[in-house]
Ligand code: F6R
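Quick heads-up: it's one chain on its own, the form predicted on its own, in structure tokens.
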């Protein structure tokens, strides 16, 4: 076990070329690697840039398989507000991959059989080689809210109110969902490499708890310190709460 590699960037936009390089290296090093994407504003710029790279032929959409972390219950791939819908809107080539069966979506019905089948499908695809992650204000990973056991696999969870509030704008004028199907913490830790991005002052407390607080289910992201291959990219605002020496500038 080694400490996460932490880089503080001048601005969130500076993460985009680094994230694309992570994808390029993974594709170059593994035949048909499985890439796990994350949603939310943290990754929108990267997904748009990835779409441009794929559309221009600088990256080959047939050179990798895609999946993602979580999905709101009842949100089919074409339903606005859902995770698959967001990914395909930001990066249209993923929609073509979905049609071809090389984008493996988290089942939106949340059934036990469906989630078990999805986990098995990811294993048959070789397991996730590169997983992108964000962190919630309360320290959640994917939709693993505080208190989620570290041993959890794919499961249905009830969303914390802070998580629902952060998602309110994407669902307005409707209410945000209360439940989602999500990768478990153990599922996330099985990926070969993890890359987590956090930007903005509202993530500073969670980032500090993740990197410098105790390892506890109160901050699910603190478990990432168990993983041997973790890269954390922060802007200066998200890194503001860290003690000196915690990261490379």
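No experiment lies behind these values; they were computed from the predicted model shown. Numbering follows the first chain given and starts at 1.
Form predicted in complex with ligand F6R: not shown, discussed below.
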Subject >> All of 42, 69 and 83 with a heavy atom within 4.5 Å of ligand F6R in the model of the complex >> reply: yes
Subject >> Non-hydrogen atom contact residue 142 with ligand F6R in the model of the complex at 4.5 angstroms >> reply: yes
Subject >> Contact test in the model of the complex: residue 223 vs ligand F6R, heavy atoms, 4.5 Å >> reply: no
Subject >> Partner proximity in the model of the complex: residue 38 to ligand F6R, non-hydrogen atom cutoff 4.5 Å >> reply: yes
**OP:** Would you check, heavy atoms only and a 4.5 Å threshold, whether residue 177 touches ligand F6R in the model of the complex?
**Re:** no
**OP:** With ligand F6R left out here, work out from 106-114, 148-156, 69-77, 89-97 which stretch has heavy atoms within 4.5 Å of it in the model of the complex.
**Re:** 69-77
Original post:
Does any residue in 104-139 get within 4.5 Å of ligand F6R in the model of the complex, counting heavy atoms only, and if so which ones?
Top reply: 134, 135, 136
